[in-house]
Ligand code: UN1
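Okay, here we've got a single chain as structure tokens, the form predicted alone, with questions on binding and movement later.
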Amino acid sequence: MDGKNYINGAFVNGNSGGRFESRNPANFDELLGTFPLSSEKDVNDAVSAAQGAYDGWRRLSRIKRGEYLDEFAQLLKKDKEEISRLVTMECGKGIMEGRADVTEGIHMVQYVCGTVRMPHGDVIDSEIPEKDAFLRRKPKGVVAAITPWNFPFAIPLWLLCPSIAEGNTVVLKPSRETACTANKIAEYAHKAGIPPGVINIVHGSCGDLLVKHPDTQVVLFVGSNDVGSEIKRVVAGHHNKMCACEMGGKNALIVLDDANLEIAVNAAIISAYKTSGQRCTSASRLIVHEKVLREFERRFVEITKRIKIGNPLDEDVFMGPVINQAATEKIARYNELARKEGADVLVDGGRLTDEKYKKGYFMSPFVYRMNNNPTSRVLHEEVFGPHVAIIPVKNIEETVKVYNDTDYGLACAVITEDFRKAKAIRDDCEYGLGYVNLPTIGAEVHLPFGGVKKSGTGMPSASTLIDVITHRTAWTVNHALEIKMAQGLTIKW
């Protein structure tokens, strides 16, 4: 793919002339495309295009904006399999997960399209019977969206679709690792007839230029805590700018003493190894009651050793590669650190070097048992790979304490047959996404998505993003021939 930026309804080359590559992480000899390293001028052009389109776009009926999204969804559905294979080749997750990524993105478009005919304000009684009071929402303007590689289709649509449905215009800066998928989104938005400037895409390492740009009113970010924290710092210095950041997790699946172990083990495998552990909601901690520890551990290790790793386009492969060389090195460092910190290694995983793996970034699972230790780095820092700690606990009070002993608070799942114990986990653990007898992954587009503590400051999904991309306005109408004030104030001349 000869990739280009998408600015003001046209695919254009970057101003700098520099380019970068997108390669298949399962076979790094396979070049998927090259893309422009966008310059400050490219970013300025994209923001200017979004500004220019904003006034006309916001003045359209919400229903008309929804009709564009409906056409967008119909086009995407027709080519779902083609897009799914591209997602899989570019980010390395299994083809079933590639399809799920595309399905989730389409679901988001459909969900947002459905909201345009629903109420989006409130009628509120005034203290004065001759007045009508309304709460209305207005778009904020140009939205900058910065998205990661692990859900290269769904996450951009989480952010783009609600933003434009509410009358904003958008400049998207996708991950360099998955630029081909971002260009596909642009192609289908273009085919759907979404007006020029409403959606713009710039490639490269230009996210900081978007964040700092004086004419972007909102910054939406999904990615690491380090980057998100810097975005929050920058935005704090701009009085007219707002941001919502979702920034990873150190999630845990909790297995209580009454757990159905078949559910527990299946949920743990899915939580730990889907997308090779490279989801912000992946569980790198399995907090297990000592009563069921040995049996759970035996079953979990047995299945872990049987997981099929390989070409993610193969239907029966469960784990594909991790995203790049830097990821393999980071995971290997944490595997070694676990040993140094006293882990009892149960499955000694690492980089796979057999002939069939040598041209990809394939890692096998690393599993260990370790008692919770407040000073342990491996139990507190996000690894983002198939690296899993099993942590024994004695009771539900210790369970809650161990779960909360991290700076993150994104996803929590508990396996139990006791609704009272589930309620204790629900009420006392610190998280944004909670599950009972389910994995830590599996978000749905109409539910909030986001966490607490280091995991985020906002909830960047359709059902709650509206509070970031619009502002509420009060509109009060007087139907009387005299002015009456709610506070009882009267003025006579």
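All residue numbers are counted from 1 along the displayed sequence. All values derive from a computational prediction rather than experimental measurement.
Missing here is the form predicted together with 2-aminohexanedioic acid; even so, the following discussion is about that form.
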2-aminohexanedioic acid in the model of the complex has a heavy atom of only one listed residue within 4.5 Å, and of 102, 222, 383, 286 that residue is 222
Heavy atom within 4.5 Å of 2-aminohexanedioic acid in the model of the complex - the one residue of 158, 72, 361, 403 that qualifies: 158
Contact segment among 42-50, 25-33, 422-430, 436-444, judged by heavy atoms lying within 4.5 Å of 2-aminohexanedioic acid in the model of the complex: 436-444
Give a yes/no on whether residue 246 approaches 2-aminohexanedioic acid to within 4.5 Å in the model of the complex, heavy atoms considered. yes
Residue-level question: is residue 408 within 4.5 Å of 2-aminohexanedioic acid in the model of the complex, judged on heavy atoms? no
Can you tell me if residue 366 lies within 4.5 angstroms of 2-aminohexanedioic acid in the model of the complex, counting non-hydrogen atoms only? no
Quick check on residue 280: any heavy atom within 4.5 Å of 2-aminohexanedioic acid in the model of the complex? yes
